[in-house]
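Presented below, as structure tokens, is a lone chain in the form predicted alone.
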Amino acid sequence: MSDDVRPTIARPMIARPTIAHPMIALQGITKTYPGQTRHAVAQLDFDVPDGNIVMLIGPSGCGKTTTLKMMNRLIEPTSGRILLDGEDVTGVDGDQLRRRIGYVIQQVGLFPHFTIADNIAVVPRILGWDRKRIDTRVDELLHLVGLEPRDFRDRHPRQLSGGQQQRVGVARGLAADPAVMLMDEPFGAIDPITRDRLQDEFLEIQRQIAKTICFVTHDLTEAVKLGDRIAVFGPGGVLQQYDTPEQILTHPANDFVAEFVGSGAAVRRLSLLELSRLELEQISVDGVDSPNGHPTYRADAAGRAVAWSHLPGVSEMPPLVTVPLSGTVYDAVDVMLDMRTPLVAVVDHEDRPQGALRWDALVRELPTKGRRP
């Protein structure tokens, strides 16, 4: 394969769940606070598909948190309907409704004098679960969020780091196995390194449990990384665009969304491009028959690549660096820049190369963003 080979980017970039019906439907929702003439939220209409993560984003004061709190009726809408799995919940008992919906906030809100196990068990106890069922559920959830029950169930919140407390907050929100989770900037007060790790763990948890999640954030990078869909709010609680991350980054609906997305859209979009969905450049082991023009590498006894042995058109071999097939183009670009190499080998879970990704081919292939027609 020549140096001119480009990666073929599969379409669609991200596999989206088939929408059988919306788990949450907001129909003409408006909120105007007493004594105010301006709406906090204005004529909001959108559906949240079952099993999706929908990110609510926009400038401060645009109605994101108000919208989230109207979904579980901590705030009552002025007008409109809210449907939960097809049921109009605007007229049902608010306390009963909230027991069916998990809720996680930035401040975590753990009870300081309760143990971690007791904090997680709050809603199951209210629902009348027996002790054995509660204990089993607590241990199950601690495992799920990466906290060993033997080490953490009897601790108190003050004995945990901020990231660990946030994990407990997520576990508590999941305790009664709700179909819907509402999350209000749950990682907003965490340092960047811990936040990135929690986001990765959150996505892994979601792959296992497939909840319907509405998630408020101020961080567009977080919205792009976590969201199946993004709702961009503007001033006065007006919904400006509701679409997939890729569409919002590449085809903003109007000037407000284009300005909000800003000039970093092309870089953020790299986190949407999964390496497993690219047609990678073919590479082969040194000494194994392969078509002329392909890169070759030397491998150890387990088949793991250790060094490039031949790259077409290159006399001085760069270091051989790898990225996992489970990663994204963003991960690959980060490695290329850090190691100053023009290509990376993409490896499977056993560290065996599956192909290569080149910088120049990647740059030529990526489409530019543009306004939606």
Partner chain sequence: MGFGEYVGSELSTLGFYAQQHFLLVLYAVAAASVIALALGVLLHTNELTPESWTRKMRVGSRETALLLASAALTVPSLALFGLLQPVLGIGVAPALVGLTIYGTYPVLRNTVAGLSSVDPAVLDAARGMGLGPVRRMLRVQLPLAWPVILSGIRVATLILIGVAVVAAIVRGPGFGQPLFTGLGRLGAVNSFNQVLAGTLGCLAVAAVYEIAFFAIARLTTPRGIRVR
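Heads up, when I say rigid core I mean the largest set of C-alphas that superpose within 1.5 Å between the two forms. Numbering follows the first chain given and starts at 1. What you see is a predicted model; the values in this text were computed from it and never measured.
Heads up, the form predicted in complex with its partner chain isn't pictured, but that's what we're talking about next.
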Heavy atom within 4.5 Å of its partner chain in the predicted complex - residue from Ala258, Ile105, Ile134, Val238
Ile105
Quick one: from Arg207, His143, Arg150, His113, grab the residue that has a heavy atom within 4.5 Å of its partner chain in the predicted complex.
His113
Quick check for you: of 117 to 125, 189 to 197, 239 to 247, 135 to 143, which stretch puts a non-hydrogen atom within 4.5 Å of its partner chain in the predicted complex?
117 to 125
I'd like to know whether Gly86 contacts its partner chain in the predicted complex, with contact meaning heavy atoms within 4.5 angstroms.
no
I'd like to know whether His251 contacts its partner chain in the predicted complex, with contact meaning heavy atoms within 4.5 angstroms.
no
With a 4.5 Å heavy atom cut-off, would you call Thr212 a contact of its partner chain in the predicted complex?
no
Does any part of Asp95 reach within 4.5 Å of its partner chain in the predicted complex? Heavy atoms only, please.
yes
On the criterion of a non-hydrogen atom at 4.5 angstroms or closer, are Lys69, Leu74 and Arg158 all touching its partner chain in the predicted complex?
yes
Residues from 130 to 153 in contact with its partner chain (non-hydrogen atom within 4.5 Å) in the predicted complex
none
Look at Ile213 and decide if its Cα position differs by 2 Å or more between the shown form and the other one after superposing on the rigid core.
no
Please say whether, between the shown form and the other one, the C-alpha of Gly102 moves by 2 Å or more once the core is aligned.
no
Superposing on the rigid core, does the Cα of Gly91 end up 2 Å or more away between the shown form and the other one?
no
How does the C-alpha distance between Leu160 and Arg207 change in the predicted complex compared with the present structure, closer or farther, given a change of 3 angstroms or more?
farther
In the predicted complex, the Cα separation between Leu160 and Glu204 changes by 3 Å or more relative to the shown form; did it shrink or grow?
farther
